[in-house]
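As structure tokens, one chain now follows by itself in the form predicted alone.
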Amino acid sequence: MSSINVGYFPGCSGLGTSMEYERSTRAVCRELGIGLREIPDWNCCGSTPAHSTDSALSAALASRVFAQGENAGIGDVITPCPSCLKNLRVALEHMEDPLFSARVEALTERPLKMQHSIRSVLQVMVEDVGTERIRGRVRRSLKGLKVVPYYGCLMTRPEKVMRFDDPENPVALDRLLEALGAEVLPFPLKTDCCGGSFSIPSRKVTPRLAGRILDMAGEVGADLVVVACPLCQMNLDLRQGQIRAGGIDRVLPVPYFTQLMARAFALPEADAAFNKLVEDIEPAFACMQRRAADIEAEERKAAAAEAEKARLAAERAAKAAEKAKDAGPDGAGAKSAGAKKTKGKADAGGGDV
């Protein structure tokens, strides 16, 4: 039985460009006991293009999503996409203004009646499930895998809207990846922009910004870059050919964190859906396995050295105990008596002289 039950908003990209995110998210949530109730007949949340055109129209799209949830008795919703998360949450906050809410209701003709909340899948996993429970589900440790977590612009910002983790130096994804056994490397660009939607109005901007992130990831020694955003994943994974053409020669796989969770939980390959990535992740896993074998060999060597050290210490303790036994009350008394007798003879001899 699921221990957590929430509404679920997949977002438009989950049915297309980020199918691997959607598939692995559902699989991992099942494994962790998170029951997902998909909002029936949901629609686009009105992300970037809509709200830049008309904030009320964008909020109306978001409002309909929540209204559809209300029809199914759903008030608390989670989504894997940070962009959807931001737009849905901003719409809820704007609709607290009666005048703005009236404009939206005039468009939807469906006033919201329930209290609603919207959080990210990552936030629920870290705050509600917890890293210890996640660690307990690991069947195939990611020991030996060197990763950098990339949060992007929206997972924790704007701070007043998202209210999750540290806006400039978030660590939630770091801790989750460590729970899977991976080595998380320090990454100063974890919240820098990847170029977002600039690929449409300015094609040169995105490869330059995304390339900077990949280059730094390679510089610190990462095997791959772990993401939680469909747009970030597309810019960092799909555009690596453009990035290399621009002079940054880095080839790094860019999986979603839920895909790595699926592997660590030993779920079927179809659930992890690594075959949907543009850059092949298998070389990174091969490197991980070699490194893990070296780590385990060193651990066995260290354990053997500790065992030998403990054996020698036990031997020394046993010898010390035996020596103490020999020098116990009887032995000490005998030696003392002998010493006194010898001393007495010497004194007597001295008197005769």
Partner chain sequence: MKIGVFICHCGSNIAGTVDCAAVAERASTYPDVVYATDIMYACAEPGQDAIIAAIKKHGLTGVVVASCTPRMHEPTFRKAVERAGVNRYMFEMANIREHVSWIGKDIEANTNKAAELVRMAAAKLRLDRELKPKSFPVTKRLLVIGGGVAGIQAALDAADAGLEVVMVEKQPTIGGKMAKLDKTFPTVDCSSCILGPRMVDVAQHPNITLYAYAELEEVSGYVGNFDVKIRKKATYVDWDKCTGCGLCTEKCPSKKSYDRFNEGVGPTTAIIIPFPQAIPKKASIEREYCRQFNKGKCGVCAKVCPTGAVNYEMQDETVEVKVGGIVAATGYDLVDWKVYSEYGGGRYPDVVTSLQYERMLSASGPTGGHVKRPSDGTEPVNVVFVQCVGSRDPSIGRPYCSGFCCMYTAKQAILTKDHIPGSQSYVFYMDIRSPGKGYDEFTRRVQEEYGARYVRGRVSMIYPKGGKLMVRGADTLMGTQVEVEADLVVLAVGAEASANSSALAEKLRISYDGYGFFMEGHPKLKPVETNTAGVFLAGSCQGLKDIPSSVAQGSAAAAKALGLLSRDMLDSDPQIASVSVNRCVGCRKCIEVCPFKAIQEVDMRGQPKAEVIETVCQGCGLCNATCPQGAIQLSHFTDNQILAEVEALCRF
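Numbering follows the first chain given and starts at 1. Quantities reported herein were computed from a predicted structural model and do not represent experimental measurements.
We do not show the form predicted in complex with the partner chain, though everything after this point is about it.
Colleague: Please tell me which of Gly136, Gly73, Pro188, Pro98 lies within 4.5 Å of the partner chain in the model of the complex, judged by heavy atoms.
Modeller: After the contact test, the surviving option is Pro188.
Colleague: Though the partner chain is not shown, can you say which of Asp128, Glu93, Asp249, Asp166 has a heavy atom within 4.5 Å of it in the model of the complex?
Modeller: Selected residue: Asp166.
Colleague: According to a 4.5 angstroms non-hydrogen atom cut-off, is Arg212 in contact with the partner chain in the model of the complex?
Modeller: Contact with the partner chain, yes.
Colleague: Would Asp192 count as touching the partner chain in the model of the complex under a 4.5 Å heavy atom rule?
Modeller: Yes, Asp192 lies within 4.5 Å of the partner chain in the model of the complex.
Colleague: Would you check, heavy atoms only and a 4.5 Å threshold, whether Glu219 touches the partner chain in the model of the complex?
Modeller: Although the partner chain is absent here, Glu219 would touch it in the model of the complex, with heavy atoms inside 4.5 Å.
Colleague: Using a 4.5 Å heavy atom cut-off, indicate which stretch of 83-91, 139-147, 167-175, 271-279 touches the partner chain in the model of the complex.
Modeller: Residues of 167-175 come within 4.5 Å of the partner.
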